[in-house]
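Just one chain is shown here, as structure tokens, and it is the form predicted alone.
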């Protein structure tokens, strides 16, 4: 599963694996793919440094990257307290009422919320980069599109390729014009923030829009056959995320959540603004239903929603409240029905890819 891009980065397989877990990222790189650690959950630079130290020590010298969530335009002078003050009281009351309806206990006194997405904030994202550029990362990906121009320049000065996620050909062209190196075309089926266009349509559109810039196909990819299809559509590799959530190296906070993922079908996800304020595909739960109910106040825009629900999500996770317990995940969850090691997943991807190529060769009379 090699392409021009994978050869350039020195990896055996053109499989880029995004994950919030250092152990999974390291295992992906060791297995011949390209592990990408998600930085959004790191609010303290020292925590990111600790995990990058560990990641660097466990990749056996193989390349790896970092994924940040950073707005393209600089927003200076806005603090987390400033944003918190914008949250309406009625929305806070709705959160408490929903938790009370399901009997979710308070966090113990003195215990802070462990789930707080502030990595989108300018100062937090930049502090992550100050740490990351001290490591030999080979790729910097931005989940919110093109990072600010000075960040792209800084990455290039460190010989780091820059990737940006796009949900349309128009977005892809904007990223190319901004000077990024790789477009990640993320289809509607993907977990997390997604656009409206399915991968089968988006991938060739993005490839055509930014040629000869390399494109990675993302969304609904969890088999070798799907990787072969993505490469046939012109992609230089695939960007995967959901399939790593049920690997044995993953550190999900809840055994119950792992079991929910293993039992879920491809119909058990929903694209909802309940988590961050932007449409993000996730497991459908009574929590997402509450926020999507027209009778409720509706989600706030990003980043207000993420700050509003931070403590609530921590409480739901800590007490494993089944009806409300969820996570971002793509429609490929329907194929995630067994726990396997990262190496085991790669073995299956490789076999599936070979089957697909053999099938096409037979049809071509080769």
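Residue numbers count along the first chain shown, from 1. Computed from a predicted model, the values in this text were never measured in an experiment.
There is another form of the same protein, the form predicted in complex with another copy of the chain; it is not shown, and what comes next is about it.
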{"query": "Interface stretch in the predicted bound form with another copy of the chain - options 103-111, 190-198, 88-96, 253-261, non-hydrogen atom within 4.5 Å", "finding": "190-198"}
{"query": "Proximity to another copy of the chain in the predicted bound form, single hit among 178, 211, 83, 232 (heavy atom within 4.5 Å)", "finding": "232"}
{"query": "Non-hydrogen atom contact residue 56 with another copy of the chain in the predicted bound form at 4.5 angstroms", "finding": "no"}
{"query": "is_contact(residue 220, another copy of the chain) in the predicted bound form, heavy atom dist at most 4.5 Å", "finding": "yes"}
{"query": "Distance check, residue 23 to another copy of the chain in the predicted bound form, heavy atom within 4.5 Å", "finding": "no"}
{"query": "4.5 angstroms heavy atom contact with another copy of the chain in the predicted bound form for residue 347", "finding": "no"}
{"query": "Within 266-282, the residues that have a heavy atom no more than 4.5 Å from another copy of the chain in the predicted bound form", "finding": "266, 267"}
